[in-house]
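To begin, one chain is listed below as structure tokens, in the form predicted on its own.
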């Protein structure tokens, strides 16, 4: 019997069971603030999922995932801000405070909720497609690509920080009202908001799972292991890398939209280097080669930070750093590898059993 960890049917069963467990949380949690926290953790899980798809399966270490997340978040915040403006007062207050007496062209498309949502998702996705296409066609990979993503992240951070009249600067954007769509207001502390986030997390996870199990996913993983050999076989390595990097950016952009819907706030901190590095840490601790493991890593780390951070304060960072070192040293494939090892031990034949009739070798599994 093979290791159940690698059984595709068993994997899908676990995925369905996991999201079914998440679906019953609103029925068990009566505190609206706590429910909002759970929804926020799901957003972090979406970010870790995007890194797992890009880094764990594509072999592309992206240290600038905050770009797609931040652009999506700002697009959503701009859409929500314009929902609160009227025809007689179309200019947001922070612009007036910065002596801007007209609505910039950049903001005008966000007067339409539908167009604003489309832009919030497509702009970061198209950026990833363009940036990834340029980098991968130039065969920039490994640590060099990671450095380029960090440089680009810092550039976006500086632009948003400096263009205060258009972005709110260091104060960010704080939409005064909850998000509204099709005449329905989504209270960020309501079960509806949780369901929306869980819907996108589930959809993104199942999409990523289907991709990894497809022929495209197999080629992508082959590129991760030996890109030159795949290139010699005639595959467009740059094309595969660009697509998987773009899909990862799309998931991060959707996460950014969901995050702003929950917290009604965005600032340059969402494009801070430390935040993007944290996303990589979540995926690494949970298991970057496991989509579900990376999600669990984000849930565990952020949940622990929420409840232990107030107790240990700055010491929490030392605890997290020590935990990360232990995982990297003893569990290079993350916490998910513990389950793989445990199921592997169960799959081993019993050494005390009678030898097989063909000279001691076990019969093939059915």
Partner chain sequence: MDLGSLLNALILGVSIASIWLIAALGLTIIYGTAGVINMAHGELIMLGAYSSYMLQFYLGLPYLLCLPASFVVVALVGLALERGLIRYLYSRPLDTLLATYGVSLVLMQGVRLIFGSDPKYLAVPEIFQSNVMLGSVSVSAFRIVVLLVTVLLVLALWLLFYKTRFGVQVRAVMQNKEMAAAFGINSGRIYMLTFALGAGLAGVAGALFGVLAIVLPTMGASYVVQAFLMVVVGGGSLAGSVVASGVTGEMQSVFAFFTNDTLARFIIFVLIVAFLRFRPQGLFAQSGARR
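Positions refer to the first chain, counted from 1. For clarity, every value in this text was computed on a predicted model and none was experimentally measured.
Beyond what is shown, the protein has a form predicted together with the partner chain; the following relates to that form.
Note on contacts: among 325, 341, 34, 304, the single residue with a heavy atom within 4.5 Å of the partner chain in the predicted bound form is 325. In summary, among the residues 296, 263, 95, 152, the only one with a non-hydrogen atom within 4.5 Å of the partner chain in the predicted bound form is 152. Stretch-level contact check against the partner chain in the predicted bound form with heavy atoms at 4.5 Å: of 100 to 108, 174 to 182, 159 to 167, 250 to 258, the positive one is 159 to 167. For the three marked residues, 138, 143 and 273, a heavy atom of each sits within 4.5 Å of the partner chain in the predicted bound form. The closest heavy atom approach of residue 198 to the partner chain in the predicted bound form falls outside 4.5 Å. Using a 4.5 angstroms limit between non-hydrogen atoms, residue 115 is distant from the partner chain in the predicted bound form. In the predicted bound form, none of the heavy atoms of residue 308 sits within 4.5 Å of a heavy atom of the partner chain. A residue is said to contact a partner when one of its heavy atoms sits within 4.5 Å of a partner heavy atom; residue 44 fails this definition for the partner chain in the predicted bound form, lying far away. In the predicted bound form, 131, 134, 135 are the residues of 115 to 135 with at least one heavy atom within 4.5 Å of the partner chain, listed from first to last.
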